[in-house]
Ligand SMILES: Cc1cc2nc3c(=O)[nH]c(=O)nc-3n(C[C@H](O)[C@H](O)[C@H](O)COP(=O)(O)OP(=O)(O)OC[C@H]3O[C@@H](n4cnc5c(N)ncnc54)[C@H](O)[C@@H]3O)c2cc1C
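Here you get one chain, nothing else, as structure tokens; it is the form predicted alone.
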Amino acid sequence: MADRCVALTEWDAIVVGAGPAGSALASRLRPHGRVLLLERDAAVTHASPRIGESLPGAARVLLQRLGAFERFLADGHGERGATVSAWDREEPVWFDHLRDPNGPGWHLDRARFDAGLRETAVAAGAVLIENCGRLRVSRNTNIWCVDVEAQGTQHRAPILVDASGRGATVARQLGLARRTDDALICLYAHLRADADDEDHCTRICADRDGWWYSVRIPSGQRVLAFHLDADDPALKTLRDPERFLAKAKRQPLLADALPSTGAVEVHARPAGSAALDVEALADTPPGFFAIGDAMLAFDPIASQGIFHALASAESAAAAIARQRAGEPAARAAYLQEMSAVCQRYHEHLRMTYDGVVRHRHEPFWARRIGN
């Protein structure tokens, strides 16, 4: 998607980050004002392939409110099959998502999903500028200012939203603290699925050093991911595709689903829980919001990252509308909601990790069980 030449520098809202959260918010804000969507990198390309996530059936309502659901269905995302896990015992336990009253949900083609949401925002009238490079944020009286240094332009708006993901680009410039709960790293690879691989289950299993995840994604590839501590000595050796695949095949739950051919490349990314300091955020000047991973980044075991991106965008849009209508406490209510989400998430996360009693004395699990 080509960048637009933008002469207008006055906006009603500026959203930094054109991922799912930022694009969703831009779509929701656009009917009520002029919205600028800034992406520091080329939003259509990534340094490494996206791992591919899932969405629960409950996301249907959020996509419908964005006007994106029909396109979403047409984009060919796969329906989620059952989840099978070997968590606290080697014998697999099955969970069928068809029993969910909201429906089974979907496995996403992440590149297609992200592009669809961006195009929905642009179709709604938001202006998207990609490849902005470095942005400098400042405050001038009652207006937020964003300088796009590479273009020599400045954009101004009363509303500024950080939707820049785990990097929390804007929040960091404002000096906001970001609490990281653990140094979890996700190693992942996209494998060429065997021709006879018709398995659509999500497979999850605990290992003495971490936990595994594998599923076929709509592209036809099979994702294989291992989550371990950043200080684990094995982190470096497991970047070797043959060793990575060999370790996975020692898990019976994975061995019969993994292809015979190896991975082309093993990628790494941070995956631990992280959240902005809500009290510090509340002290920033009016009109600043954070959504998605910039506000609260989930451990992948929660399977809630993309849903949170859409849900937090919806909540922020409602808060911004109330603020414009003259409710000074609108942002405080939004932050209170995010605090409640964070609390529920950590309670669920603690229960999930506490369930792996069989490995409780191994360093990876000892750090998490009971915390």
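Source: prediction; values computed, not measured. Numbers follow the displayed sequence, beginning with 1.
The same protein also has a form predicted in complex with the named molecule, omitted here; what follows describes it.
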- For the named molecule in the predicted bound form, the stretch among 27-35, 53-61, 325-333, 341-349 with residues bearing a heavy atom within 4.5 Å is 53-61
- Heavy atom within 4.5 Å of the named molecule in the predicted bound form: which of Y213, F288, F244, W87 fits that? Just give me the one. Y213
- Looking at K249, R71, R269, R139, which has any heavy atom no more than 4.5 Å from the named molecule in the predicted bound form? R269
- Query: Is E337 one of the residues lying within 4.5 Å of the named molecule in the predicted bound form, judged by heavy atom distances?
  - Reply: no
- Message: Under a 4.5 Å heavy atom criterion, is T169 part of the interface with the named molecule in the predicted bound form?
- Response: yes
- Query: Does the 4.5 Å heavy atom contact test between A163 and the named molecule in the predicted bound form come out positive?
  - Reply: yes
- Message: So in the predicted bound form, is the named molecule close enough to A13 to count as touching (4.5 Å, heavy atoms)?
- Response: no
- Query: Are all three residues A18, A21 and L135 in contact with the named molecule in the predicted bound form, where contact means a non-hydrogen atom within 4.5 Å?
  - Reply: yes
- Message: Just to make sure I understand: among 215-233, which residues lie within 4.5 Å of the named molecule in the predicted bound form, judging by heavy atoms?
- Response: H227
